[in-house]
Every structure is written in C-alpha cells, then in structure tokens.
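Consider the single chain below, provided in structure tokens and representing the form predicted on its own.
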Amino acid sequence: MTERGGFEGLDSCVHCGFCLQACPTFLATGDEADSPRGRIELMRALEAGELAPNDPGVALHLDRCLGCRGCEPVCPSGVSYGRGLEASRALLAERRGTPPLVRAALAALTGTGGDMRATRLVYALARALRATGVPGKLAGWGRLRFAFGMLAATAPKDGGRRWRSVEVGGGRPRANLHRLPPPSMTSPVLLFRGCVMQGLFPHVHAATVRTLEVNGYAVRDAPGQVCCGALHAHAGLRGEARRLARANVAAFGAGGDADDAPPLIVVNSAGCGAMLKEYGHLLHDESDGVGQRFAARVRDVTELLAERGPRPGAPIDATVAYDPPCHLLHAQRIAAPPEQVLRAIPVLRVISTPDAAQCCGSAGLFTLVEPEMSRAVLQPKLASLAQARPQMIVTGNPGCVMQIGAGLAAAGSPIAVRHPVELLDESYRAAGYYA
C-alpha cells in the first residue's frame, strides 16, 4: 500500500468487461454502476475529487457492492479491486461517518475497544435462544425472520439422523482405519478463534482441533487474540482494523527468522483468513514488516489438512454440495484443499452446482444493511441447490453457513449446511480415531 491508500490497485483496469458476468450485483440489477467496471469509475472519481463522498450515487453503488472479489480472478489486468473498495469505503466513512446500525452490529459481534465482555453476553444469549429451537420455527424471508433463520443455521448438526456411516455394506466389512499408524511428525499450530466463530461455532473449533491432531498437528491457543478486523475494514473503519491487527500480531507473535520459525496460524473462517493474510498490506508502515511476516504464517484449516493427506476416515453414505466461500476461493485463491478434505471420506458423493462460485449474499454485515440485494443474490444459488437436491451443503465460512442456511429454511428446505471439518470429524469418529 502507498500513500494513495489502496486506490493504486485500480490503475490497471482497462474497462475490458470480463468482470461483468462474475459480479453478482450486476447480474441481479443489470446496472453498469453495480458492476466492478462501473464502480471503479466511481472510485477513481472519488479519489480525484470529481465526485463528493456525500454524492448519493456514489454511496448507493459502493454500498451495494458485496466485496466478494469474484471479479479479481477473471481480470486479465490484475486489478486489486478489493483494496480499492476498502480505500473508497475508508474515505466515505471518514467524510460521512458510519451508520448507527453498522456501529451497533460491530459492537455486538466483535466487542468495543478490545472489551469482549458485552459481546460474550450477546453470544451467550444467542446460544440460549438457539437451544430453545424457536429461531428455526420462526425462520422466514422478513428481516427479523431471516435473522432467526441465520441463528438457527449456526446450531451443531447431527448428520447421523440424515445419513449413515457405512459399517458393513455388500458383504464388505469396514476397513480397520483406526489401525493406521499415527503421523510420524507432529507440528505445532496456533488456532485463530475469532469472534463469530468462537461465539456461535465453537463446535467447528472443536472439530478443527480433533481433525488436525489426527493428521499430526498439535493445536495450541494464543491468549490475547481479538477479532480479525475484517468487518471493520469492510465498513471503512481502517483505523479500528489496524488496532485489532496490532493486537493479534502481539498475541500470536510477529514471527522470527528461518532458524526460529514460529508456529503457523490455522483459521477455519474464510473471511478471517482472507483478512489475516492482508495484515502485510494493512500494517504496511509498521517496523520490520511484522504484518507481512504474520500474514505469511496464516493457513486455512483445509490447507493444513490437505498438506498431510488428509488421513482417510470411515465411509459416509451421503450426497453433499460444496459451495466455496468467496473469501476462500476469490480472495485467498484456495480451491482444491476443501475438496481434498471431502475426498478423504470414502463413499461420500460431492457435487457442484453451476453457480457455486457466485456469492451467497452474506458478505459480512451486507445481509443486515442491504437485505434486498442480499436476498436477490441468494435466490439463484437456492434455485440451483433445489435442482441438485443434495442432502447437505458444505462451506467454510460462518456467514455463508448462516446465509445459505437461513435461505433454505425460509424456502422450507430441510437441507443442513455444515463446515467441511465437521463432516471429516464425523468420519474420523466413526473410524475410531478418537477412541
């Protein structure tokens, strides 16, 4: 990042239009101003002072961007659209302020000034409400009912009620997978817990730890870690994102030289992983390149599992659809590892839908602040899933789990949405690895 704050990432755009069909909001509206090419023109004009931050057209079209970065992989010119968008939103936030709804959501989900006490209470109340089963019964399309559906989607799922682990089939006994020798080498890794994942998906953290340990990793915690800062950066609050980044660098350690390599940092949230890998950009002016060294240590959980195999589990007789999170596929460019994890489960049938690479419409706080556009983006994905008729959807980001799960519930579908490591964990349990 230079003194232009990220706008320089837009300079290579040549208006070719390859990005148009990769943009979910352009596909939803057909409006050029809702495409990456159109928004780049708005952002350039904003930086040059040709358009004012309070211009209603600028706010409308930049606010309606999901930030999914689906335009980046298809761009032949290598435009860094995501960095330009965050620079633009930082300028907008500086000049017009942050909407109260966004501020309230950030305080509830991520804490205030590093103080997580109120946030822990919010999550405890949310889990208590979730345990009653009421959110699932109230799920629907209205803003409040959709929020209930999102909360219901975070609950741990028992796959055994919908499909079965194959014990014996066709006269063929299950392989004695638990007799496989343990990995010959153990590597320490530090788990990034985050805020939403820790508050609503602790079962995914538990599955992450178990599956990594089966594959030769020793998972440890890093006391003092905080929110990754992704939601703040997306809202234009770059200063708050930088403060959180510094706290995490201090908690996990900045990293030493090659002779004293610190443990890798494992993340099971695609949005968090993408943000942590951007710390070099976010903390570009910090001494000794601490942000860059920190970012180099970050790995998605599926990257680590795929690096070791992963070890095969017990068969699961089910058909699942893998839906890649935008910030895993487009931002981190991780495509193969999640499917390698799923292929470690014998018998499991993994299918893909035509628009699997398109955004689901969650995009952090987008589903809260832009509900109409969010639902418009979600609808084609729900239609594809309804046609494919999988028994389960698998995706590696909490927002995607919640968004797709709420949409399925509102549509009256019983299909569950789970994280890939949850399914691998179920397979490993059936294989006897945890005995």
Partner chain sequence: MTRDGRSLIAALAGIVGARHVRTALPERITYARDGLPTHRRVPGVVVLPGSRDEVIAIVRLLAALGVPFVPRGAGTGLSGGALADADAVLVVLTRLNRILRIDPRNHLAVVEPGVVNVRLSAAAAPDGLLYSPDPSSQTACTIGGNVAENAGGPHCLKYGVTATHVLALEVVLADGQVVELGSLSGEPWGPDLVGLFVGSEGNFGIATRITVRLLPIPRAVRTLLADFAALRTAGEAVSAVIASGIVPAALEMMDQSCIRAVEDSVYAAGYPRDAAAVLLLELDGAQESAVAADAETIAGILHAHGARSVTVAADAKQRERLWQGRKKAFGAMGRLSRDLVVQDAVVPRSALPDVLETIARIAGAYGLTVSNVFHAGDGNLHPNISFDGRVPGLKARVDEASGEIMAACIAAGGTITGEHGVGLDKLRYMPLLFDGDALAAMRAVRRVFDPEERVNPGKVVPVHACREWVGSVNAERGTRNARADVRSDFRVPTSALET
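Only a predicted model underlies this, so the values are computations on that prediction, with no experimental measurement involved. Positions refer to the first chain, counted from 1.
Unshown form predicted in complex with the partner chain; subsequent notes refer to it.
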query: P371, P380, P53, G38 - the one with a heavy atom within 4.5 Å of the partner chain in the model of the complex; finding: G38
query: Proximity to the partner chain in the model of the complex (heavy atom, within 4.5 Å), stretch among 222-230, 69-77, 133-141, 266-274; finding: 69-77
query: The partner chain in the model of the complex: contacted by all of E307, Y322 and R418, heavy atom 4.5 Å; finding: no
query: A411 within 4.5 Å of the partner chain in the model of the complex, heavy atoms; finding: no
query: Partner proximity in the model of the complex: L42 to the partner chain, non-hydrogen atom cutoff 4.5 Å; finding: yes
query: Proximity of A48 to the partner chain in the model of the complex, heavy atoms at 4.5 Å; finding: no
query: Contact test in the model of the complex: F26 vs the partner chain, heavy atoms, 4.5 Å; finding: yes
query: In the model of the complex: members of 317-347 within 4.5 Å of the partner chain, any heavy atom; finding: R333
